[in-house]
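First comes one chain, alone, set out as structure tokens in the form predicted alone.
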Amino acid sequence: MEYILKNGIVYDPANNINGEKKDVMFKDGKIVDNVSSDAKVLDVTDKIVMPAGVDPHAHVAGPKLVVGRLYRPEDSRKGVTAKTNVVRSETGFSIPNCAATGYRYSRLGYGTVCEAAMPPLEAKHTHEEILAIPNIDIPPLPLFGNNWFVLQLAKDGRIDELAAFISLWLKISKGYGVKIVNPCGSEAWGWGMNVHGYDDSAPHWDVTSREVVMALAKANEQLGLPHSIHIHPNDLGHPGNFPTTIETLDSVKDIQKNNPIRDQVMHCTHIQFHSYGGTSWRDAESGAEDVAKYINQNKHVTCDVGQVTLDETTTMTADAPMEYDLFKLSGLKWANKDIECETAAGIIPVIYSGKSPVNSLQWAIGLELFLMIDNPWQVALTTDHPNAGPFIRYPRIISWLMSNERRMEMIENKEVHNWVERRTALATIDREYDWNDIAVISRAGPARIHGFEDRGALTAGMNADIAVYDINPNDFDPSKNAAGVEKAFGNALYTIKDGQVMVKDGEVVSVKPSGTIWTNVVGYEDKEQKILDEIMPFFNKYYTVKFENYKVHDHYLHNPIEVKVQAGK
């Protein structure tokens, strides 16, 4: 089937197209330069046209989502809609059911969402849940930062063997890249402890967070994986943590990048939670300026923000000791889970309120980071869904970024606590994003960060993943109409996925199965077998499952999107 999106105002940063009136054509699921006279015309005259959104970091599939839904039935009672001839019923606000996850991303104009924390032992369950989410492609990131084999290989400095282990475990778990959460900290949680700083050791392992992160970064680049290491640093959410964050970013600056698509060797996720000054919550203040200054001076790092949206939500993370700290602070109900030999996780509800000084501080720090980081290609739009708020708030965040007037209105009308003025510099920043900046932080930038070669741009040959929004940028001032921005970006005029119209006028009009993006390293097979032979006695001794039941078999991926990597190239 051939289509022409006619006369749209196109923002395609990867191709340096910034608000140009032109047609976008696609055929058989791919962007093309020409179509025949039989092509179906979709008139989008003077409407905003962008590549479909790419979410670089969210939690949408896996056992933590299931546990969250079970222990928060009050959340599942929100957002309930009846099924129609096209869609299934939707439930949930911060942890929507699988069907709602896909539909809601489609309504926002998104086509790809990274599942950012997959324990390899729970990979089968994660892939089963991905199968139940429609309309979006999902690359899952396996967790490596507290894995016992990784700790041992990093301690011994065996980078070749660590690279072979990563290559093998991506195949076994059908994962896309290397995720690190609170390195050594979640292992310490197994002993009721945490690590507090980049040079603390995991109990009984005599290996530090720094050694683990640097070893994984070197192995990642040795393989030449499409994505860099993707890190949630130590000390998340603790006042005074920004020096740890900068120390972590700086530790990999001399490691050479080995991938032609991305620019970074480290992606730091939800950096808002890692940019706090002060010594306690009594004197907490923003550390955003120091973090942004470091990123502005160094090109080997990218980040996403994890913007607080001032909603009631559900936090869930493989940083189990941090969730325990949050439980002790709030007294709200808490769930905890240990994933044997690999990681640990926690879940707790949070009510982010503009009346709260701490929550307002967090809200302001996120916006400071967006506005203080000069290069939009180094910062991506996320809420760390659902941790800082649900992804359906992306349009609202976009409206805040495009309107200083709206930000000041929130401050002056006391919609947020006066800590925003007293402890951050947000009120002094008048920068406003333009449409091209929004296209960078929500699609072109995240696609480059993840090393995608088939999405995030409207280049001929790429997937026909396209979003159209009902705004004429020539007669619409986003700085004066934040509500209009939020409405338009929350209800795409069209969302097109692989050439199929999924959304029209904000309504889901068709459904397609999700795809699973995973990385297959070739050329390391002998090294993988060697490391497997070495670790199997350890695996058989300490894991409670047999290795034959550990691997994710091909039938768990109904629509695999395999990214082949020639090791070391």
Partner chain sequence: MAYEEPITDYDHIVENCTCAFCGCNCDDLEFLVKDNHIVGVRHACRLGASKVMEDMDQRLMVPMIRGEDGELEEVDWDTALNKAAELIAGAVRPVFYGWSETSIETMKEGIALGEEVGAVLDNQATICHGPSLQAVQNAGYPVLTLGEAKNRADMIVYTGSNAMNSHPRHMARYSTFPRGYFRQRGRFDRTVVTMDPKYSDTAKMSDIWVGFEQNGDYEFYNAIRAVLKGKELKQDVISGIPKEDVYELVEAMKNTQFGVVFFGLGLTHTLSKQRNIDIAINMVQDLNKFTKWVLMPMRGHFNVNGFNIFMSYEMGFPFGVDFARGYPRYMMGETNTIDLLTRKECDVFMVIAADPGAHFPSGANKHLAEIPVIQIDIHWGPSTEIADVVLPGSFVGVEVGGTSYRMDGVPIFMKKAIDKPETCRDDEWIVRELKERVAKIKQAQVASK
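It should be emphasised that the depicted structure is a prediction, and the values quoted were computed from it without experimental measurement. Residue numbers count along the first chain shown, from 1.
Although it is not shown, the form predicted together with its partner chain is what the next lines describe.
Visitor: Contact between residue 21 and its partner chain in the predicted complex at 4.5 Å, heavy atoms?
Guide: No, residue 21 stays farther than 4.5 Å from its partner chain in the predicted complex.
Visitor: With heavy atoms only and a cut-off of 4.5 Å, decide whether residue 190 touches its partner chain in the predicted complex.
Guide: Within the cut-off, so yes.
Visitor: Does residue 66 reach its partner chain in the predicted complex if we count a contact as any heavy atom within 4.5 Å?
Guide: Residue 66: yes, in contact with its partner chain in the predicted complex.
Visitor: Is there a heavy atom of residue 121 no more than 4.5 Å from a heavy atom of its partner chain in the predicted complex?
Guide: Contact with its partner chain, yes.
Visitor: Exactly one residue in 476, 294, 352, 71 has a non-hydrogen atom within 4.5 Å of its partner chain in the predicted complex; which is it?
Guide: Only one listed residue qualifies here, and that residue is 71.
Visitor: What is the one choice in 335, 462, 214, 429 with a heavy atom within 4.5 Å of its partner chain in the predicted complex?
Guide: Going through each option in turn, the one that passes is 335.
Visitor: For its partner chain, considered in the predicted complex: do all three of 196, 409 and 414 come within 4.5 Å of it, counting heavy atoms only?
Guide: No, none of 196, 409 and 414 comes within 4.5 Å of its partner chain in the predicted complex.
Visitor: Name the stretch: of 323-331, 489-497, 400-408, 274-282, exactly one has residues whose heavy atoms fall within 4.5 Å of its partner chain in the predicted complex.
Guide: Comparing against its partner chain in the predicted complex, the contact stretch is 323-331.
Visitor: Taking its partner chain in the predicted complex, which residues of 97-134 have any heavy atom within 4.5 Å of it?
Guide: Contacting residues: 97, 98, 121, 122, 124, 125, 128, 129, 131, 132.
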